[in-house]
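Coming up is one lone chain in structure tokens, specifically the form predicted on its own.
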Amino acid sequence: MRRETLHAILAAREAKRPAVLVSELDSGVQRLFYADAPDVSELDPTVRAACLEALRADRSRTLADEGGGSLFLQVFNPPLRMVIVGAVHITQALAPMAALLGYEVTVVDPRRAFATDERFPGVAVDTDWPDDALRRLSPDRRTAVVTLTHDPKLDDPALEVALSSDAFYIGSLGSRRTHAARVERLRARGFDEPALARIHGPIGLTIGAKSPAEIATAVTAEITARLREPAAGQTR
């Protein structure tokens, strides 16, 4: 690998910019493909599409090119992250599940009686107000944001920041009535219908979940489905 290519990969990682290193296995020629600028790549459209799919699947792969040779598509995705607003019982089940799925988890809650290392061992805990924490964490296309406090004073400011970000998943706990009221508040804050439709509420797949662990299972399943679903022209 050329030094310039290595520096470009490191810069992409630092900027949380999804990229694929396309290597011609016969010649050793390498080109770096960026997901946020696929139209300026010199790659064949079939190869560009394969790069986007490899990024979406989070899996490197070999691809036959039109000339009869082979290409290796090496994926360099930013880390998956999950920001959970609310250090509640569901979070105690959700945080370790998300970690097992490969997410870097941060629990945000200014209520220090709940947000403790003892309740969340091995998990990053942030006791700033949710909107301040979300701005600092800067959710990207590899970030899921989940609000679980059931308190508009905490959930709504976090949702405002999340809706202004590239987070691939935004979900919020509450009944249909609670979610309808939430949407009205956010609409009054200036968010339009396409933005509001990004919020998964009530949160989680409909599996009849009751206990905190069951709700956490429903949430992780919905997040996984959103992460892995095809998206034309966009990768996560």
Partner chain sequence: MTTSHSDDVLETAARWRKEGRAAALATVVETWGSSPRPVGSQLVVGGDGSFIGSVSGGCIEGAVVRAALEVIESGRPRRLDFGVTDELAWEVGLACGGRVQVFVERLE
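We call the rigid core whatever largest set of C-alpha positions still superposes within 1.5 Å between the two forms. All figures in this text were calculated on a predicted structure; none of them were measured in a lab. Positions refer to the first chain, counted from 1.
Unshown form predicted together with its partner chain; subsequent notes refer to it.
Though the partner is left out of this view, A221 does not reach within 4.5 Å of its partner chain in the predicted complex, counting heavy atoms only. Its partner chain is not drawn, but in the predicted complex it has a heavy atom within 4.5 Å of G102. Contact between T62 and its partner chain in the predicted complex is found at the 4.5 Å heavy atom cutoff. Of the heavy atoms in R13, some are within 4.5 Å of its partner chain in the predicted complex. Only one of the listed residues (G208, G28, P194, P45) places a non-hydrogen atom within 4.5 angstroms of its partner chain in the predicted complex, and that residue is G28. With the partner left out here, its partner chain still marks one of 108-116, 136-144, 86-94, 68-76 in the predicted complex; by a 4.5 Å heavy atom cut-off that stretch is 68-76. Contact residues in stretch 160-193 (any heavy atom within 4.5 Å of its partner chain, taken in the predicted complex) are absent; none meets the cut-off.
Once you line up the core between this form and the one not shown, the Cα of A54 ends up 2 Å or more from where it was.
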